[in-house]
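Quick setup: one chain, the form predicted on its own, written in structure tokens, and binding and motion questions come after.
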């Protein structure tokens, strides 16, 4: 399998940057199918960026762990005896065997099933069978602990990176990334519902990201939800009241927004009045957020009820009910992990109602995701044909008609009709990430959030 250096000889910086033209919205379909490009993504995007690992509620006690991935590197996310959360590569330093096979659980240490090497919860190598005999005491355990990622958290959401030179998580998220996480906790503390829904779709991970900004497809692709009487897509679409927030390093939020004049009315209401008003709104209408949400999300972010993507692959659904990781499994396969969030301490009937709704919208049995998965897989398949891959994708809706506004805290956003500004921001950032050789290169050459007309 080619490594990054070998791939870079075939795909130089200019070739990579030419895969997407933000001025025209033309995207080379090879980005969805080329194996060498995929290897660059693993190295220059996933290993370099901050990847969502878990929420604090999943690891309540020392020894609690979950398995997750940074690209295709499997990691153990574990709370140690000191209460710290560590992200450890799930590979023994002796022969590479996976130490932990269960997806989640509680452990006192991690013992390799091959030769019995034993690792502490913080990754230290604490036991080697036969160390004083087979190795003749000539063995330095301190050099062979498990490889560790950098770990930081924001509002109880833990992220990890394999890049020592990456910026802090706070700086990496920027205003748009922080608004995205804030959306989940806007109404108060949350906890993850037991059980993460997981399924594999025959698609490239980027088209699953692209789709979350796409409010053009909703009325047509998801007409089945209307027919079944499950969801009124017209009630959630709001095609004229769309807002796209564009942030650092490719983070973006796209979808419906509360008009500024309506938000001004909400701002005059007490939290009790907001709750009462929320109860009288039509079904599937997002709850009016409390006053504290404005301080958390800012005066622009609090108006957004769209879908955020924390680059590269963390999707927050409308109103923060669920998040989804799109984990790459090759150029044409993506594993989707769905986390459902519940209000902390909520009564059981409310928890069951939220989980029922979540299960029926997204995930393997979700009405909407079954529609989306078919579209994603067929679009990915077209990127492999000799003739069809030469056609390119046309992501040009709204070019030249988006006036960028600036919020009080410097947020950059575009309001108006349904558009493809979010998708173009995604692919612009993607080309800059894979063209950059390291973080200093990326910092120097990535696009700052725009101004003017886009």
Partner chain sequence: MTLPERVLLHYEVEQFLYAEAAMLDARRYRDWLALLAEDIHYWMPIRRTVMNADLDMEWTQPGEMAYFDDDRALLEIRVKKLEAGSAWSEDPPSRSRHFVSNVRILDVADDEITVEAAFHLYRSRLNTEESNWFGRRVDVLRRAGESFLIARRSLFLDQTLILSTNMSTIF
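In this text the structure is predicted, and so the values were computed from the model without any measurement. Residue numbers count along the first chain shown, from 1.
As for the form predicted together with the partner chain, it is not shown, yet the points below apply to it.
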- Message: When the contact criterion is heavy atoms within 4.5 Å, does residue 101 count as touching the partner chain in the predicted complex?
- Response: yes
- Message: Test of understanding: in the predicted complex, would residue 221 fall inside 4.5 Å of the partner chain by heavy atoms?
- Response: yes
- Message: Given that the partner chain is not shown alongside this chain, does residue 356 nevertheless sit within 4.5 Å of it in the predicted complex, heavy atom to heavy atom?
- Response: yes
- Task: State yes or no: in the predicted complex, is some non-hydrogen atom of residue 139 no more than 4.5 angstroms from a non-hydrogen atom of the partner chain?
- Result: no
- Within 4.5 Å of the partner chain in the predicted complex, heavy atoms considered, which of 144, 200, 292, 350? 200
- Query: Only one of 195, 156, 129, 239 has a non-hydrogen atom within 4.5 angstroms of the partner chain in the predicted complex; which is it?
  - Reply: 195
- Contact stretch among 80 to 88, 259 to 267, 373 to 381, 114 to 122 - heavy atom within 4.5 Å of the partner chain in the predicted complex: 373 to 381
